[in-house]
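One chain is shown next in structure tokens, namely the form predicted on its own.
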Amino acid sequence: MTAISENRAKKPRIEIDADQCNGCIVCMKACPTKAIRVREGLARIEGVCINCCECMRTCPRNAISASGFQDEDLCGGDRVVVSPSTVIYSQFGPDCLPNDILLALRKMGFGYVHDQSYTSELFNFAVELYIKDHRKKGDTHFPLISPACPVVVNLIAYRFPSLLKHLPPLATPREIVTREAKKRISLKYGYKPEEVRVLNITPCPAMTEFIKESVYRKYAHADKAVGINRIYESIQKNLHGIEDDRVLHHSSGIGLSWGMSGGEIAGLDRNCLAVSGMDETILYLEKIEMGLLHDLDYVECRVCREGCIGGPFTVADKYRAKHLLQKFGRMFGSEKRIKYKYVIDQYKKGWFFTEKDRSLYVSGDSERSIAENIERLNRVKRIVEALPRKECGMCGCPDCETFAGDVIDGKCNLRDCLFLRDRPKILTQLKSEIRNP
């Protein structure tokens, strides 16, 4: 297994309230990257956190929350571009149309409001062009995996690094918005690109990591992300008394449906599959890794159940939100509202491609050499072979293999295992082997 870089591991967007946590190990068992340990009766993040919020969803005491947003994130201004996720259109009920929400954001003082659902339709067609082009050339690994969910990309980097080559080198809609907004606002008003700030409204805390690591990071120091739940009330207040009659929403139902599972592939006339939920996503990534789905062109993975409408920063019930997006899909139609020739021309010019090197998501397993890693694995194996493999978690680690690794790394003690504690002969033998590998 290969790990994400240390910078990513050190700044999780998850906070654990020590006053509420009782060390029940539920979150530790739920974490897909085994990043959580329970030490001295409290959960803590010690490994690589991919900001999937599985721990937050499963915590029975509501002791875990997502963090990272400040009040000043909501400030508008002529130099601020706001780019809401398409999920936002599902949060305000059937009487509030997408254009109303965009006008409410405009009313809040943001200089430019971008309809990301329209960019999603552009991206859909670019994906079709990419699939058609590379199926013919036979130079790409299929199925392609959607790069839209930042948690999925992080998960692939951590647990399935061999699948990084299945991610198409296309900029996601939010990346395109960030790039083009800075260009257009600078040209229109004479600002420098670094003076233009982009505020992403998101259902997901992993978005802040996207901003920090964006290929446009030399201009991204002022860019921010804010959860839908943080800005919801402000939008709600500004929905009343809108007199502006400008049309800011331009997409069909295809772009609007991106917020729910299956919404992205609904815009693709290819052999596709949509998967949602952490367990299902991991299962299907394993199938792709084994070569079982090579006949598919594209797989849309979302770690949140029912898609982004199930994100931790949403307000509306995800099933009601899904019903509303389905209604909007019928209302706004199932044909993309894009200029196909224009998209083809832009695709040929490289407009949709990202320069981001996805190998940067992955680094080696710390600074150990190959020989040192092999020796470490052998030492871990010797401990694991002495354990009953009950995977109880009572030692404060998610499983026996992780416990053995933590012992070798000096993060915990052999006596933390209840089984070993009562078997002094085995304990003495293992201590000897650890001291003299």
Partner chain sequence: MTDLTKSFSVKARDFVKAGEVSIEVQELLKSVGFPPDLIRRVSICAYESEMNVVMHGGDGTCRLTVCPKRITLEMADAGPGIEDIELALQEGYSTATPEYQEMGFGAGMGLPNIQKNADDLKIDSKKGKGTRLTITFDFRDGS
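Residue numbers count along the first chain shown, from 1. If you're wondering where the values come from, they're calculated on a predicted model, not measured in any experiment.
Unshown form predicted together with the partner chain; subsequent notes refer to it.
Proximity to the partner chain in the predicted bound form, taken as a non-hydrogen atom within 4.5 angstroms, holds for one residue of Ile344, Leu97, Leu292, Leu239, which is Leu292. Interface residue among Ser334, Ser162, Gln326, Ser234 relative to the partner chain in the predicted bound form, by the heavy atom within 4.5 Å criterion: Ser162.
Judged by heavy atoms within 4.5 Å of the partner chain in the predicted bound form, the contact stretch among the candidates 247-255, 309-317, 154-162, 123-131 is 154-162.
Candidate site formed by His141, Asn373 and Lys381: every one of these residues places a non-hydrogen atom within 4.5 angstroms of the partner chain in the predicted bound form. At a distance threshold of 4.5 angstroms between non-hydrogen atoms, Glu195 is out of contact with the partner chain in the predicted bound form.
Taking the partner from the other structure, the partner chain in the predicted bound form has no heavy atom within 4.5 Å of any heavy atom of Asp279.
The partner chain in the predicted bound form comes within 4.5 Å of no heavy atom belonging to Cys392. The shortest heavy atom separation between Lys322 and the partner chain in the predicted bound form exceeds 4.5 Å.
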